[in-house]
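The chain below stands alone and is given as structure tokens, in the form predicted on its own.
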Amino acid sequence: MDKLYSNATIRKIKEEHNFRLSKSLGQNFLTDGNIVAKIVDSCEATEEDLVIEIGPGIGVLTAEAAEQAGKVVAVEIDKNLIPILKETLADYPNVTVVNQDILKTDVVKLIEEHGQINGKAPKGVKVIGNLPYYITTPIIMKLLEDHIPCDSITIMMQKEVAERIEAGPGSKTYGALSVAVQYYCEVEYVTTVPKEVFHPRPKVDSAVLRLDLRKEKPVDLIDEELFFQVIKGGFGQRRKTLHNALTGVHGLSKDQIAEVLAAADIAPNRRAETLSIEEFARIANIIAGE
């Protein structure tokens, strides 16, 4: 049998199982072995590690990860792919496929129930996946906000989203997503993936990012929820100055926001896209301390 990522194999599987790719689920299967290897190699899984895969499709990444990891738990929302995965992954006893929606899955519980390797807890947990474009951000934020006990998240996504995540202050692509992800993780851009290596071919290029979960956060916060409120308020209307954009956050008036910004030593006419994580934290901590 050809490699799982070959166009010939994908066509054969589709015909034999009468399977139709779902546009609504954002299904685009990877057909380049070098990219498959790069994603799995980048997550640096060992035989003592558990890999959680989001959206295995027909098992292209899954099979590669199973060669390196002690165990792979693949979460697939499409029930029509489950019999296909049983067939394509039959040679990998260290793979468990779970038919669930990752956005509704308790990943911590999933790790507890399926994550043991030879009766022991895994040394490390790595997340990998080729994420559907339309739910990339909700998936990433769910994993981070649920504080799942993982070391890294190595995922493919729309290139534009990857650029937003890794952007720094002053960049046009820097926004709430950049600050949120960088608060939780150190971001590494792994590789660009051209649209030509997918079946069917999407309209845009993709990119792979590795997000290493921080053991210590980059800033000390009095109130984490308030910190995210400040970020959301600041970027809610990008063209507005901070003085105007933050008015109403935590119920504060325009005059009160002016006082907060003065105390934080941040000019009121600056815009959110110019602020560092440290400056957002300073604003949030001053508000929380009042």
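Residue positions are given as counts along the sequence shown, with the first one as 1. As the structure is a computational prediction, the values presented were derived from the model and not from experiment.
Quick note: we don't show the form predicted in complex with S-adenosylmethionine, though the next part is all about it.
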Stretch from 118 to 126, 180 to 188, 146 to 154, 132 to 140 whose residues place a heavy atom within 4.5 Å of S-adenosylmethionine in the model of the complex: 132 to 140
One residue of 193, 102, 73, 211 in contact with S-adenosylmethionine, assessed in the model of the complex (non-hydrogen atom, 4.5 angstroms): 102
Partner proximity in the model of the complex: residue 233 to S-adenosylmethionine, non-hydrogen atom cutoff 4.5 Å: no
Contact test in the model of the complex: residue 107 vs S-adenosylmethionine, heavy atoms, 4.5 Å: no
Any non-hydrogen atom of residue 176 within 4.5 angstroms of S-adenosylmethionine in the model of the complex: no
4.5 angstroms heavy atom contact with S-adenosylmethionine in the model of the complex for residue 219: no
Residues in 142 to 167 close to S-adenosylmethionine in the model of the complex, defined by a heavy atom within 4.5 Å, in order: none
